[in-house]
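For reference, the chain that follows is the form predicted on its own, supplied as structure tokens.
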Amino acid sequence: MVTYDISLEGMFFSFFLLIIPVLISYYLDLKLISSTLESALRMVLQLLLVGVFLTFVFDLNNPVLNIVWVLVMVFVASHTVLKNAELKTQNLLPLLTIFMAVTNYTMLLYFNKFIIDLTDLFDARYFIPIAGMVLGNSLKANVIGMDNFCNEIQRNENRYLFRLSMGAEKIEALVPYLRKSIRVALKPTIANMATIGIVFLPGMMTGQILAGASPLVAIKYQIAIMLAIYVTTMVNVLLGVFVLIYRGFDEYGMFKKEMLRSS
């Protein structure tokens, strides 16, 4: 089965769809026109550059280059998480990048070895796309988890300080906010797993079917990748909040509000 290419005319009709959100934004004064167009332009430029680069990477298929490229992806994802959670990066970025790198590399190697059973665990055509799916899906959860944790600590500062004054250790006093942040962050992923296949067909499954793979093979891949995404997301959110707990409080257990971009 041959996958149909999209012509330039087809791409024009694809961009033509943007008229709908632009008109809605204009008439409702949502002030989203410039950000919509800017994001679409950035998407096109980034994907074109990545497309050219990945063509080179796939042809070369060098394990070292593949590992380095995934590390770049992890670094950008970590920076994006902190930026969207309205947190300053100076003290948090290095540790968050290390934790996310360890989690994602471990999952990638496990996935390629025990689930797909690849001979070359660092094969670019598996290593990089799977890393992108796992990172991309866990990124939003990380933002939600870390943002929720910061908000909960500030909203319940008196209650937190009361627990400390009653003799609770810092970790012990923070456990309720840790639990809530993880639950809130994982809700979208859990909802996706519960409705997948009925409400929507995910990207990996759709891509494989369009490329000519059997629907049953595509389903097996999608099940495996969704489980990997869920596990990696939970661990990433947990470690992200732990980075905040480790770096975001002073020796007296007080939350460092200067870490917030709004401070």
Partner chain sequence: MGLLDIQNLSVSYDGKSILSDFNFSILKGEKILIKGNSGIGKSTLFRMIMGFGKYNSGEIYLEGVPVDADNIWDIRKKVAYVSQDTDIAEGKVSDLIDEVFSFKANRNNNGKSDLEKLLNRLSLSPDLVNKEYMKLSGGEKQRVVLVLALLSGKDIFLLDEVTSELDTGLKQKVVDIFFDNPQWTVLAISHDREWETKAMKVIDFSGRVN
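Positions refer to the first chain, counted from 1. Being a predicted model, the structure only gives us computed values, none of them experimental.
The next section is about a form of this same protein that is not shown, the form predicted in complex with its partner chain.
In the predicted complex, its partner chain stays beyond 4.5 Å of every heavy atom belonging to Phe114. For Gly253, a non-hydrogen atom is located within 4.5 Å of its partner chain in the predicted complex, even though that partner is not displayed. For the chain shown alone, Pro129 is not a contact residue for its partner chain in the predicted complex, no non-hydrogen atom being within 4.5 angstroms. When its partner chain is considered in the predicted complex, Asn91 lies well away from it, no heavy atom lying within 4.5 Å. A single residue from the set Lys140, Lys170, Arg125, His79 has any heavy atom within 4.5 angstroms of its partner chain in the predicted complex; that residue is Lys170. This chain is drawn without its partner chain; in the predicted complex, the residue among Val102, Met166, Ile190, Val72 with a heavy atom within 4.5 Å of it is Met166. Here the marked residues Asn158, Leu161 and Lys180 all reach its partner chain in the predicted complex, each with a heavy atom within 4.5 angstroms. Note on the interface: of 172-180, 79-87, 131-139, 94-102, the segment with non-hydrogen atoms within 4.5 angstroms of its partner chain in the predicted complex is 172-180.
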